[in-house]
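In the block that follows, a single chain appears as structure tokens, in the form predicted on its own.
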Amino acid sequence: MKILAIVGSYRKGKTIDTLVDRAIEGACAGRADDVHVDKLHLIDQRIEYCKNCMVCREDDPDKARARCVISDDMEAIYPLMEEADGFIFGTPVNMGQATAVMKTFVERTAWVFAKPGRRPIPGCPTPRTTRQKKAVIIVSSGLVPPLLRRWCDDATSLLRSHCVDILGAKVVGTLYAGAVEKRGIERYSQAAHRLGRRLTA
């Protein structure tokens, strides 16, 4: 099984990076020989903004992956996404949203891996792939506790719709690590580990 872990944090070794590593450990637990994981820090990649040229959206709908006209590091990332059986998405919540680098990444993958569908209205994206995939989502907030998550976490819904509508991946679990500046990371560590295990269950 191939898993692609995508880290949208600006800081390595901090909350999201650590919890993604715990999810990776969970995915590999007892199955290290059967699981291959690629981990990407988006901050290390040269990813340009989408130009809205619509070349990808208008590409042949029978293709597994549409063409993007932009030449940057996404060219090496697209094959990893296409081959992946499972995804781990991790991002801090900044102003209630996923980080800018994660949103840029999501925009650049949208019509590359989706084609115009018919629901809920004609033209909305539907996955190009018919392969069954899985995904887990990890988000964190330094200040906002889980009790108040509903008012400040639009990142999870963005990534969930991206997984389902673009990548054709069933979201098998999410984790909101809230108020980590007071609570610390460790109290969320086992939950992240369990998420990873769901990917390979």
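This is a predicted model, so every value here is computed, not measured. Sequential numbering from 1, following the sequence displayed.
Not on display, but discussed next: the form predicted together with a small molecule.
- Message: Please tell me which of A29, I43, L143, C53 lies within 4.5 Å of the small molecule in the predicted bound form, judged by heavy atoms.
- Response: Here the answer is residue option L143.
- Query: Which single stretch, out of 68-76, 90-98, 121-129, 103-111, brings residue heavy atoms within 4.5 Å of the small molecule in the predicted bound form?
  - Reply: Only one stretch passes the 4.5 Å heavy-atom test: 90-98.
- Message: Would you classify R11 as touching the small molecule in the predicted bound form, given a 4.5 Å non-hydrogen atom cut-off?
- Response: Although the small molecule is absent here, R11 would touch it in the predicted bound form, with heavy atoms inside 4.5 Å.
- Query: Is there a heavy atom of I16 no more than 4.5 Å from a heavy atom of the small molecule in the predicted bound form?
  - Reply: I16: contacts the small molecule in the predicted bound form.
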